[in-house]
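Next comes just one chain, in structure tokens: the form predicted on its own.
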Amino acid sequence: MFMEYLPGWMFLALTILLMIGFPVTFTLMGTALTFGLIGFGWDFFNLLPLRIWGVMTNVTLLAVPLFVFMGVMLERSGLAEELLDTMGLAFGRLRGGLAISVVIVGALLGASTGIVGATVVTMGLLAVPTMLKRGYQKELATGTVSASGTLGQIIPPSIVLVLIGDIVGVPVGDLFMGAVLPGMVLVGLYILYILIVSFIKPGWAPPIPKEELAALTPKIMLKKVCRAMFPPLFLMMAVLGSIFAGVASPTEAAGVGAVGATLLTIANKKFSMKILQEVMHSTMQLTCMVFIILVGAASFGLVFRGMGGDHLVREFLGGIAHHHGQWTVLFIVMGIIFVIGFFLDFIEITFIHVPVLAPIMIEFGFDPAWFCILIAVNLQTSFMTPPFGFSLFYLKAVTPPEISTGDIYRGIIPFVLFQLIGLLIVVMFPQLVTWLPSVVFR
């Protein structure tokens, strides 16, 4: 009986150790080694090196350090500061215009960098003090910045999509194309919430005084907007355009993006050898973190599957599907990922849960690309949900002293609800994911 349910005990041990606070990598590798020896004996060590070698020689995963380099370099280029200033003035006449500009800048930075931490920290430093000075309510200001910073999770080029695509076996180019419309839906929902709040509570999001905007003629404003919008649009066209046109693979496009980000930093006169060294150091740290977790997750997956863990999960979900239908299973799986996101980082969920759940859901007849995008949208909430939302921690670290953790938690709740509405929309309308790839790649 014990050996039959060994995969269940293994998963329980992993969950308990993670909740206690043990480091993810050592927990994954430690449980894999312990249960691997119990289940397979010493022969386990003949299998493990082959699995790790397969991870380290995966060409698709080369895109990860290149996209990280691109994002960190763009953070140092001064692009976000100019974007926020210009878009704030462009929407300044509207109630909530400054918050709307933050959402748009978050989307553009997400499409340019794909790194949530860099986007949230940059916008937290620049936008939150400005919004407070303009009379914005604390919760609305912090919630807008926290939510907008997470858009890099879904809007391509996204590191999450690269990882999920590799795990599930879906072409990354298909996922990038399929994520465009769901990303736009989330941007639209965030802006809709801001407009509603600004209409109901005008004092929470006042417009910029007309006297400040009077000096800006339409010609000057157009020039500022074009200048601020060109760099991120140039980078988006360079990276995504080369993939969508079939000129480059995602890995090659990531290299184009890294070069493009460096050129933009040079053009902005922010480039130096010190900056390059810092960017390379940050890239190395982030890449090592991702890959060492990936190695641990690959080891865990080897043991879990080898002992029949995926068979146990398939039987359990198959029983639910038989009695209640496959859509019930989908909602249960999405609910599990959403709840786990309260406690675990998106990388951990991607490497631990997706390899087990995705093949089973595809067997039930769900479109692989659509299911991958659903996971990505769901994982985005792992950055936003209290108490362990990483976006909230990043923001608290850089906000003024008068902003409390409670302000940030209260501010993000409406955006989490709209995020769930966005997830439901993508569930109800799979064409949002499948239409664009079918048009471009047919």
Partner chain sequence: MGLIKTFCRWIDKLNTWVGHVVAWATAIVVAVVFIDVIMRYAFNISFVFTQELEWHLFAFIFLMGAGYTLLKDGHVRVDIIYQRCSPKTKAWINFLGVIFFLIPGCYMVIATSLNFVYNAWVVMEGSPDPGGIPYRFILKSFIPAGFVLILLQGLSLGGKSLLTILGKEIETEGER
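Bear in mind that the values here come from a model prediction, so they are computed numbers and not experimental data. Numbering follows the first chain given and starts at 1. We call the rigid core the largest set of C-alpha positions that still match within 1.5 Å between the two forms.
Below: the form predicted in complex with the partner chain, not depicted.
> Though the partner chain is not shown, can you say which of 259, 336, 221, 233 has a heavy atom within 4.5 Å of it in the predicted complex?
Here the answer is residue option 259.
> To verify the annotation, which of these, 181, 189, 195, 293, has a non-hydrogen atom within 4.5 Å of the partner chain in the predicted complex?
Only one option qualifies, and that one is 293.
> With a 4.5 Å heavy atom cut-off, would you call residue 22 a contact of the partner chain in the predicted complex?
Because a heavy atom of residue 22 falls inside 4.5 Å of the partner chain in the predicted complex, the answer is yes.
> How about residue 283: is it within 4.5 Å of the partner chain in the predicted complex, going by heavy atoms?
The answer is yes: residue 283 has a heavy atom within 4.5 Å of the partner chain.
> According to a 4.5 angstroms non-hydrogen atom cut-off, is residue 375 in contact with the partner chain in the predicted complex?
Output for residue 375 is no: heavy atoms all beyond 4.5 Å of the partner chain.
> I'd like to know if residue 397 sits close to the partner chain in the predicted complex, meaning any non-hydrogen atom pair within 4.5 angstroms.
Because a heavy atom of residue 397 falls inside 4.5 Å of the partner chain in the predicted complex, the answer is yes.
> Flag this candidate site as yes only if 75, 121 and 124 all have a heavy atom within 4.5 Å of the partner chain in the predicted complex; otherwise mark no.
Not a single listed residue reaches the partner chain in the predicted complex, so no.
> Name the stretch: of 143-151, 129-137, 249-257, 328-336, exactly one has residues whose heavy atoms fall within 4.5 Å of the partner chain in the predicted complex.
Going through the listed ranges, the match is 249-257.
> Heavy atom within 4.5 Å of the partner chain in the predicted complex: which residues of 33-50 meet that condition, in order?
33, 42, 45, 46, 48, 49, 50 sit within 4.5 Å of the partner.
> On a core-based superposition, does residue 409 travel 2 Å or more at its Cα between the shown form and the other one?
Superposed on the core, residue 409 moves its C-alpha less than 2 Å between the shown form and the other one.
> After superposition on the rigid core, does the Cα atom of residue 139 shift by at least 2 Å between the shown form and the other one?
Residue 139: C-alpha displaced by less than 2 Å between the shown form and the other one.
> Superposed on the rigid core, does the Cα of residue 337 end up 2 angstroms or more away between the shown form and the other one?
Not so; residue 337 is displaced by less than 2 Å.
> Is the CA-CA spacing of residue 278 and residue 153 tighter or wider in the predicted complex than here, given a 3 Å or more change?
Farther, not closer.
> Based on a C-alpha change of 3 angstroms or more, tell me if residue 14 and residue 162 lie closer or farther in the predicted complex than in the shown form.
Compared with the shown chain, residue 14-residue 162 is farther in the predicted complex.
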